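Just one chain is shown here, as structure tokens, and it is the form predicted alone.
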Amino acid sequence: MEVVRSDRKSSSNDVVVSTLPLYRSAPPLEVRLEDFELFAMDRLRVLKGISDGLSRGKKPEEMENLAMDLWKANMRHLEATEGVNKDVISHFVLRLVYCRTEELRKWFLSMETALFRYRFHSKSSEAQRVLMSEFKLPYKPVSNAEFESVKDKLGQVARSMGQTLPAADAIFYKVPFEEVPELVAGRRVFIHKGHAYVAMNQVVSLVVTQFRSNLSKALILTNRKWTSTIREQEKDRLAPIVEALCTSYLGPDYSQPKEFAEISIKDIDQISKTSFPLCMRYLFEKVREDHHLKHGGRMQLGLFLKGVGLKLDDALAFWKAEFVPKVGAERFDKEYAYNIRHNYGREGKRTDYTPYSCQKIISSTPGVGDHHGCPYRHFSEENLRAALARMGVGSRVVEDVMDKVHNRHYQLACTLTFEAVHGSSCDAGINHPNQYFIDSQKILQSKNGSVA
């Protein structure tokens, strides 16, 4: 797969269209640099949607519907061949993105395996059999004579799961039991002499195990190639894109306030208590308390305040009022005012900087004396519990939040906090501090008849 500049066209002549790619080798395609990134981001929306659904405890049938809806919304193409190309290209781009650390590999492996499961399960029985043959699995259907000898046992397993008894023409495969661990763990399969009898409607477990094994090995090999050659060769072109993609924010742009025109300095204290997420509320409290924040904290809070509607003049007045008691007016004007104007696009390259997303905040690495970052990831358990209690989160919800934190679902932990504080569900989940603010203000407006 060769990545080319935008003035060259992508080619799709050599790709074989399949109902469900197995991603055994990179496609012989020329891919435009723009497509390299855009295709990957579309697939990432699917994987992150699946991750969120699984973390929220959705049922298997709900997850399959969710995965198919996400796929249609982000990955479908009017031309079948182009759709397959996008599928294959996006997988291999993300394989490169997520091969780089053990944590990234683990997440990608789990989400791609889940996606493959849902897509396989949605296929017809005939398509599933074709896909099984593509894996070259060495299993043949159980003979009629053997089926009759174990039919009663298979019926007992079916009854225990509330399913209909296997028909006389039902297809079963006999496989080593260790190759279908999830069926064994769920007691959803009959085992005899070290072999599991897997029904046709359960072969997804067999195929998924093989898919996961193949992808796991491929990720290790990709990591070796990335480390040994690709990273250095592509340090000025692809490497920056690859390294940024896993923390990409995929939602709405919050660089300019849309829902609520502006907030004033006189309202900011009250609004911070009602509508700031914990990460911004903590920074706001620290600047009020210490009359100073290091660069990372100033950027995180300053861009958030810009996004919720604090105008440049008010921002300068706010930061100056807070910093002057510690650094003095002259030093503030010399060392800090420029950066505030810079964030608003009034200095330097005139770039209009955007507020940080949850993913960017979570992936930051605060040092000693820093207060930025995500409290759900960076606070000690004791400090996080105390902070949640100050926000009015009840003890039962605090335990649910801590459970999400322990499993590294930091955005879901924030979502649970939002729901507890506002007494309202947030099905979309919290993906951006400015989204938290807007959703909070909407709820308060509907309750009070005016923005709090």
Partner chain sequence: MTKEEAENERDDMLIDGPEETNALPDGFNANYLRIYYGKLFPHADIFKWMSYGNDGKHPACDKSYFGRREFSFTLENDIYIRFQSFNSVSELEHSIKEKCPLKIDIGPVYSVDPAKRHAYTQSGDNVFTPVERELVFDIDITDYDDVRYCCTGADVCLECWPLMTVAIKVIDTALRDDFGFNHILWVYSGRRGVHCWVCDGKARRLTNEQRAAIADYFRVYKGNENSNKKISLPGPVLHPFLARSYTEVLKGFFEAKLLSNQNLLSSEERYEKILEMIPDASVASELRGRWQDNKQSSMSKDDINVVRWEQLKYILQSGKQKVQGLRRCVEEIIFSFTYPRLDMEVSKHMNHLLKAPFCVHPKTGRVCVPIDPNNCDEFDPTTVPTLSQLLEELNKGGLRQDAESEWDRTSLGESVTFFRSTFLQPLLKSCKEETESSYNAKLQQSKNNLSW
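Note that the structure is predicted; figures quoted are calculated from it, not measured. Under this definition, the rigid core comprises the largest set of C-alpha atoms superposing within 1.5 Å between the forms. Numbering follows the first chain given and starts at 1.
Heads up, the form predicted in complex with the partner chain isn't pictured, but that's what we're talking about next.
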According to a 4.5 angstroms non-hydrogen atom cut-off, is V157 in contact with the partner chain in the predicted bound form? yes
Any chance N223 has a heavy atom within 4.5 Å of the partner chain in the predicted bound form? yes
Quick check on K306: any heavy atom within 4.5 Å of the partner chain in the predicted bound form? no
When the contact criterion is heavy atoms within 4.5 Å, does H192 count as touching the partner chain in the predicted bound form? yes
Have a look at S124, T365, N144, Q233 for me and say which one sits with a heavy atom within 4.5 Å of the partner chain in the predicted bound form. T365
Heavy atom within 4.5 Å of the partner chain in the predicted bound form: which of Y139, Y338, F135, W107? Y338
Interface segment, criterion being heavy atoms within 4.5 Å of the partner chain in the predicted bound form, picked from 234 to 242, 369 to 377, 306 to 314, 267 to 275: 369 to 377
Do any residues of 159 to 189 have a non-hydrogen atom within 4.5 angstroms of the partner chain in the predicted bound form? If so, which ones, in sequence order? R159, S160, G162, F177, E178, P181, V184, A185, R187, V189
Quick one: once the rigid core is lined up, does S122 have its C-alpha move by 2 Å or more between the shown form and the other one? no
Once both forms sit on the same rigid core, is the C-alpha displacement of I220 at or above 2 Å between the shown form and the other one? no
Does G369 move appreciably between the shown form and the other one, meaning a CA displacement of 2 Å or more on the superposed rigid core? yes
Would you mind telling me if I362 and I50 are closer or farther apart in the predicted bound form than in the shown form, C-alpha to C-alpha, with a 3 Å or larger change? closer
Quick read on I362 and W226 CA atoms in the predicted bound form, 3 Å or more from the shown distance, and they're farther
